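Coming up, as structure tokens: structure 1 and structure 2, two forms of one and the same protein chain.
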Structure 1
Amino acid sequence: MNDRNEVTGQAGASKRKDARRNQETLLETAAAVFVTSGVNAPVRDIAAKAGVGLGTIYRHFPTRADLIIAVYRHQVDACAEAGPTLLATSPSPHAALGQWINLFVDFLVTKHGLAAVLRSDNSDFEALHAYFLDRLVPVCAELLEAATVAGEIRPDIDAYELMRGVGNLCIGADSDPRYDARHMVDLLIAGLRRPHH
């Protein structure tokens, strides 16, 4: 097999892969900065942390809203992609569901700056909410289905309803030190188990 032809063909592909990886690194960095400093953190800080020039960020994301939307979508995608992975690697579907819900809670609680954005009245962000549900509800449904088939949980649980319930348990968690949303969510997930007669 002639490696040289392969290499030239792959050069374009690996360049694209690098570009995608760089953009992922940038979005991860921006997410981390948003978590610690809020979504209004200076873009300068994000550029410095990611080791790129300001121009690079503005070339990809001309406005702050563009950057926030990209970060948010990236986080939603990561949460969605984790579902099947957890299902494949966890000791049981119920365990996978619990771990996935924990990621979802991370999203809601630690990324509160991003969650707050969803409540703003910018129409760009309305589409995000739909994206969030379109991507995550089916993953949650898949995990619930697997746990139901395994006989671990009761069969009448709706994915949207569960996610909505978890979301409600997370409201205000970051502003009340006496309230532990994760503990309440754990109780909720434990409560899905099929009662043993």
Structure 2
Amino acid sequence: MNDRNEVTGQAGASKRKDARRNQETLLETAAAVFVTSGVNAPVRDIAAKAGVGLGTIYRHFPTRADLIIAVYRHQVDACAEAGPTLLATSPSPHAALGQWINLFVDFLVTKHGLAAVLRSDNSDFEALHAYFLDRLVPVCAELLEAATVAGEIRPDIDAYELMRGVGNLCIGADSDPRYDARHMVDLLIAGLRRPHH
């Protein structure tokens, strides 16, 4: 019903047929290139592989960040939606939180360079930041709240900060065999626990 076509992507039903097809091709090609060459693959490479000109790619996705958002939108949404589900099906809020964070970490770690670009201070990626955070922070906050109410974790944890921290820990997790982001994230989550006794 909604066929918007803003920066955040998504093919609508309102544009010319060839334009729609190009957008789809671009999305698929970009996804493929991101897998093999990482999220920082040159725009030219993607354009070339997709068989379109640079102008085309920039018309559909005004900036690299928009392309990245479009490519990963579904997965981010899926992660966000998994939050409430996990909360409902897990034995405890803390367990749900842990599993959800694992989901997020798995996502980030498998996308070469995504975590790094998420943290890039380059203002071009502001839209990327915003999308991830808008979508995931509320979910994280919900899980955190539940765990806090259940008395399982310290009460002073900020969802935004935690997402940032977890995202940061995932930077460079690929491309460095000696660094296991999951391990560090586990430690961080362990640190969330209320000092008990």
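The term rigid core refers to the maximal set of C-alpha atoms that superpose within 1.5 Å between the two forms. Treat the numbers as computed from the prediction; the structure is a model and nothing was measured. Numbers given to residues start at 1 and step along the sequence of structure 1.
Trainee: Which structure would you label as the form predicted alone, 1 or 2?
Mentor: Structure 1 is the one predicted alone.
Trainee: Would the C-alpha of residue 97 be classed as shifted by 2 Å or more between the two structures after rigid-core alignment?
Mentor: Comparing the forms between the two structures, which are aligned on their rigid core, residue 97 does not shift its C-alpha by 2 Å or more.
Trainee: With a threshold of 2 Å on the C-alpha, tell me if residue 183 counts as moved between the two structures once the core is superposed.
Mentor: Superposed on the core, residue 183 moves its C-alpha less than 2 Å between the two structures.
Trainee: After superposition on the rigid core, what is the displacement of the C-alpha atom of residue 31 between the two structures, in Å?
Mentor: For residue 31, the C-alpha ends up 6.1 Å from its position in the other form.
Trainee: Any chance you could measure the C-alpha shift of residue 66 between the two structures with the core superposed, in Å?
Mentor: Its C-alpha moves by 8.0 Å once the cores are overlaid.
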